[in-house]
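Structure 1 and structure 2 below are two forms of the same protein chain, each written out on its own as structure tokens.
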Structure 1
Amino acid sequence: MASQGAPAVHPAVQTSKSFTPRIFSGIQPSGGLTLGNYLGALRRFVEKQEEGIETIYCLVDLHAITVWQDPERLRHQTREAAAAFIAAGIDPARSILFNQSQVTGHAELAWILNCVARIGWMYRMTQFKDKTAGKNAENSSLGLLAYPSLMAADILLYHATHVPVGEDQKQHLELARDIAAKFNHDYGEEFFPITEPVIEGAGTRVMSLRDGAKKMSKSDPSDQSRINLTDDADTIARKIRKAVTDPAPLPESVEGLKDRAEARNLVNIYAGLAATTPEAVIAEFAGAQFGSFKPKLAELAVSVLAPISTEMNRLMRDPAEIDRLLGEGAGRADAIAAPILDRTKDIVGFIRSRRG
């Protein structure tokens, strides 16, 4: 659930006084986290952790199984994603970090919200259309169609007031807002917050190193198109040196990058890694050829990313410790979620008897 656009909402955090300011976001543990995931999500998650708002970060493994997953591979990818969060700077003692399937409230609330949401809303989701394009949609899993409702449950289970979201997930957050509003209207109680998106940041949409018109993706068949968070220093530097560019030097202004997708991508990557703006990068490197710019970018990328890769490798050597941290996070998450889910059941009209 993690892009460019409106400014950060944190300074305002203007929400109903009945809701504790709380940030929630999640990433599918589908393997192969890239530089795009780091700049577009992980680093922003760390920044939110530093702002003093309660932060809940979830590895959404229930979402992952909307398409078939090899069980052992899914476990490995979930641990690897957790390692990436921690290596990037998420402190499990300060933020809540867990995998979704350990908190059963996600699935329970999703069913209740399935009965609030409308089928037509699901069919209008752009990602469902994209993922079933050229295929027989009726052969897709029901989970693939309904997963925006599960995403709404992920958010509303914690009464999250803000969600860092990328452009590709913005429609799903709008749906979560619609579902929350309909639930509140149907039951005559302002119970769920109307969650606000957090959309911000230059350089968060990272494009392929081989084609500046395509988003950097782990699904690209060419490993040279992306920088993986597991790449070592030599691999990172080599991929940047071989990144596709054009023969012209860097322009005098950002406007000069308008029709130069590959050049613009590398400038944005530099800006993202340096925590600066594309304008500042152009001011420093205007007129430079890529033969001199790429080594500078490679040096910067290695300095930022290689320590993350090293720490991920260290963490992955102790999977039991990762599991322990995820379990602790799940316990903390459930402590927030359980009373919210219980109250939801009361509002809906379910009988909750004491057991045991």
Structure 2
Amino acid sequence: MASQGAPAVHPAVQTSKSFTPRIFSGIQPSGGLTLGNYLGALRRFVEKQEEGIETIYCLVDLHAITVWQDPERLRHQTREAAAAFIAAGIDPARSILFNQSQVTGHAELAWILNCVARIGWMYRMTQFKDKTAGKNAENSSLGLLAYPSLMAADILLYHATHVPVGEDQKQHLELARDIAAKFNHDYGEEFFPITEPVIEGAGTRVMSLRDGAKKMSKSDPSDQSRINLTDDADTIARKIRKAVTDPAPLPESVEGLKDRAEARNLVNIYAGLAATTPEAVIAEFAGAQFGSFKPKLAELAVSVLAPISTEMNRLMRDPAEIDRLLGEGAGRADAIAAPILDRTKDIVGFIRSRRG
């Protein structure tokens, strides 16, 4: 349901039609991917692929340019993100993997949805508020404000029913539901699905290693705050050893982590990497000092991440092959998107005489 303060979902169009299950998610190639992306998103993406549901994963370069990106870096980071997906277990033959700008339907549907969504809905987004905090919001790009409407277009262009994301994207997904519902209501047809967010597991909100109140982010100025998927074993171990913690040992139960953001974060990271629960981690390490817990965590992190970065390095040696795979993925994505976009145009009342 819509969050507090967000517009209400029109109940009449919310549930009655059933759509074939289809997963869509995206990651911005606006920097190197982090452990947060891995635990909150990438790992979930692989699980969904293994469940045999149709999975579509997108490197959202149109979203990335809502803040300035150096063109060569953007191209490099897009390839590197593609390599990270494949190295983490996304099989480009089973999942569709592509970069957003190659499927023009994203931008086209985003425009239509810009005319459905309300400006006030955009101003309410906490991510927009965070990204403009302390700056002149009037001087941010118009794209940054409209960003959630493009995100709704990404999802709705494929009639995706489920969207795996980290906790920070919840509000954007609620907005996507509201936009879909308003479109359906305004045009009197239950055309777009009301998408379900999939936010699950211990790693849905990985925090900075320097500040337990801040999310781990590829755009944090401090490299010490995050583990990058490209970090080598020594760097990973050093960052974990230096992670900010309090002096107390690990508690006897997860409730004891309530007011200890940094300790809770390291326990959650351990649980995410070991694919277990924070309860199980506490059961194993209750009473342990960080001096003994951190080396165990570093060892686990290296064992999970080192094979991924090795494989990424291998894939990055052949950028032409990555580009070829992305192009192939874009072709398959477009084949799903085109009839949905055509139908949207018919519903809206556009003349369409060149295709279909």
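We call the rigid core the largest set of C-alpha positions that still match within 1.5 Å between the two forms. For residue numbers, the reference is structure 1: its sequence is counted from 1. On a predicted model such as this, the values are computed, not experimentally measured, just so you know.
Of the two forms shown, the form predicted in complex with tryptophan (TRP) is structure 2.
Residue 258 is among the residues whose C-alpha shifts by 2 Å or more between structure 1 and structure 2 once the rigid core is aligned. A displacement of less than 2 angstroms separates the C-alpha positions of residue 183 between structure 1 and structure 2, with the rigid core held in common. Relative to the superposed rigid core, residue 331 undergoes a CA displacement smaller than 2 Å between structure 1 and structure 2. Aligning the rigid core leaves the CA of residue 247 displaced by 4.2 Å between structure 1 and structure 2. With the core fitted, the CA of residue 296 sits 2.7 Å away from its counterpart between structure 1 and structure 2.
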